[in-house]
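Just the one chain here, the form predicted on its own, laid out as structure tokens.
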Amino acid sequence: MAPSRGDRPTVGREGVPTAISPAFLMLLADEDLAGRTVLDVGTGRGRLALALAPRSGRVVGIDRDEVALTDARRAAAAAGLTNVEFVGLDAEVGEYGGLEPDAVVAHLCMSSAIAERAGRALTRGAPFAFVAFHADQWRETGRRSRFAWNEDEARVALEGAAFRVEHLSVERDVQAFGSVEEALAAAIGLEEKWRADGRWFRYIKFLEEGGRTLTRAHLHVRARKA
């Protein structure tokens, strides 16, 4: 199962990031997408799809969240973008070949199943670029996210899907707090989810033992079909 919106970092409401990582956009900046079809996996409200549309031939965003896709379509219409479409599709169940992508991208929606489907859909030399949670994401909770990857795991998954890794880096943001109250305030948007899966109590324990940090960590990858 791909990451849900609620498991994403607390940058905006309910942990949903308010923007695509600038470092990730820079990673894609030198990729020639003119005249090409770009598939945005787990598009959500279409932030990445809309960002890439002006320099792509066609962008197709897929997601199983129809409410988010409705918002994405409205945003595309408001921006006057006519080369973007959004399709309801489970990224880990459906195949991508029928969409005929020349490139596949994903922002905080990554799994081995997605890598395998991208590998089957893309032709030799085509790019696959994504941002995933790194294993250090929320490390203060003492529990690794089921959607997190470390560098070796990403390489193994990509090589298994017939990709050659060109770029792999980790973007970390370690917030340091002067008090328990500040630390709790920074994580308040995740309290409900963390209480449900046990991480909230682990984070409280970390704070009680003197910890005063909260780590966000993302893995940025660009690979190419071998």
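The structure displayed is predicted, hence computed values, not measured ones. What we label the rigid core is the largest C-alpha set whose atoms superpose within 1.5 Å from one form to the other. In this text, residue numbers run from 1 along the sequence as written.
Quick note: we don't show the form predicted in complex with a small molecule, though the next part is all about it.
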The small molecule in the model of the complex: contacting segment from 105 to 113, 122 to 130, 78 to 86, 148 to 156, heavy atom within 4.5 Å
105 to 113
Given that the partner is absent here, does His167 sit within 4.5 Å of the small molecule in the model of the complex, heavy atoms only?
no
Although the small molecule is absent from this view, report whether Glu95 comes within 4.5 Å of it in the model of the complex, heavy atoms only.
no
Is Ala72 close to the small molecule in the model of the complex, meaning a heavy atom pair under 4.5 Å apart or at it?
no
Spell out, yes or no, whether the shortest heavy atom distance between Asp90 and the small molecule in the model of the complex is within 4.5 Å.
yes
Pick from Arg172, Arg64, Arg55, Arg195: which has a non-hydrogen atom within 4.5 Å of the small molecule in the model of the complex?
Arg64
Ser112 C-alpha moves between the shown form and the other one by 2 Å or more, core aligned:
no
Superposing on the rigid core, do we see a C-alpha displacement of 2 Å or more at Arg74 between the shown form and the other one?
no
Is it true that Lys193 shifts between the shown form and the other one by 2 Å or more at the Cα, once the core is aligned?
yes
